[in-house]
Each structure stands twice: as structure tokens, then as C-alpha cells.
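The data below hold one chain only, encoded as C-alpha cells and taken in the form predicted on its own.
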Amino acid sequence: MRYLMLSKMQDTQPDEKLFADMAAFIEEMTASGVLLATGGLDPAGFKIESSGDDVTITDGPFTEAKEAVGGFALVEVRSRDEAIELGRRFRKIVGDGESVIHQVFG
């Protein structure tokens, strides 16, 4: 089962401990084959809307900075519970905030 784990932007700047803890977590997930991809996201982005033959492109940002998704991880795990556990471990490393996890179909 694949899950896309999204984390909202943080108001605080990361410190050396956070970088070290995240590096260890990412290394562990990579070594176990769970982590498929990870990265940060541009908070502005752009939106593409279509209606019939018309396609409109609108530059972001679209939400308040505190609502913007700041990063993602694509993981492959055996169960929803395993995805939740990875999410819990991530939140313990980065501290207060919000993450959203979606199962990826197909």
C-alpha cells in the first residue's frame, strides 16, 4: 500500500537536532525500502482549472502560509497502521503541527 504523507509548513526554523533526527529517520526508511520519495514543496505553486475548452493557469499562493503544505513523503507500507506509525514518528521528530496522509490508489 502506498501513502502520500503531507506536512504543513512550520513557523519555527529547524535546528541541528531536527536535521540530525530527520536524517536518521529518512536513512532508516530508505534502508528498509519504505521511503519511495520525499521533498519540500514551493508554498506558492500554481493552479490549473478547466471548463470545456478553456484552461486557466493561476499563480499561487492560495492559502495562508500556516495552511500551505511544506513537504511530502511517499511511502510503501504493508498497512494503514504502519503508515500511521510512521506519521506519529515524524510528528514526534518535528514537534507540534499537522500532517495529512492519503492512500495512493493504482
Partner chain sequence: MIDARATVGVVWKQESARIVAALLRMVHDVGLAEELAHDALVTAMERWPAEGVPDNPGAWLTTVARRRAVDHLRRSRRFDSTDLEPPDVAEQSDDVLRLMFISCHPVLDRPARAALTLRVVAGLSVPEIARAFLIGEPAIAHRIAAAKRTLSASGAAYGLPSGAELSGRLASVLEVVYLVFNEGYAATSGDDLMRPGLCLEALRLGRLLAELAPDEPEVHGLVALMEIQQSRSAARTGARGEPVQLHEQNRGRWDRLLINRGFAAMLRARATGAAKTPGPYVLQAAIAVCHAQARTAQETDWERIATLYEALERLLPTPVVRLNRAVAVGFARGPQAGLALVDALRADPALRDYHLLPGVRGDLLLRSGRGAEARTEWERAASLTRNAAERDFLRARAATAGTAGRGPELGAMVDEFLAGLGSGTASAYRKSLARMRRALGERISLTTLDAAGVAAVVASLWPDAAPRGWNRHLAAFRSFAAWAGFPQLAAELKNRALPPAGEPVPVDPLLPVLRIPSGVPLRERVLWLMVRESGAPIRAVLALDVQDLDLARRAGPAVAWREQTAALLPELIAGRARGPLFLSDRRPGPARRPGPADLCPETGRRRLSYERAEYLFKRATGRTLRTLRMS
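This is a predicted model, so every value here is computed, not measured. Positions refer to the first chain, counted from 1.
Below, we refer to the form predicted together with the partner chain, which is not included among the displayed structures.
A.B. asks: The partner chain in the predicted bound form: within 4.5 Å of a heavy atom of each of 8, 15 and 70?
C.D. replies: No, because 8, 15 and 70 lack any heavy atom that approaches the partner chain to within 4.5 Å in the predicted bound form.
A.B. asks: Pick from 54, 64, 81, 59: which residue has any heavy atom within 4.5 angstroms of the partner chain in the predicted bound form?
C.D. replies: None of the others qualify; the residue that does is 81.
A.B. asks: Test of understanding: in the predicted bound form, would residue 94 fall inside 4.5 Å of the partner chain by heavy atoms?
C.D. replies: Residue 94 lies outside the contact set for the partner chain.
A.B. asks: Residue 42: heavy atom within 4.5 Å of the partner chain in the predicted bound form?
C.D. replies: Flag for residue 42 set to no.
A.B. asks: Do residue 26 and the partner chain come within 4.5 Å of each other in the predicted bound form, heavy atoms counted?
C.D. replies: It does not: once the partner chain is placed as it appears in the predicted bound form, residue 26 has no heavy atom within 4.5 Å of it.
A.B. asks: Does any heavy atom of residue 85 come within 4.5 Å of a heavy atom of the partner chain in the predicted bound form?
C.D. replies: Within the cut-off, so yes.
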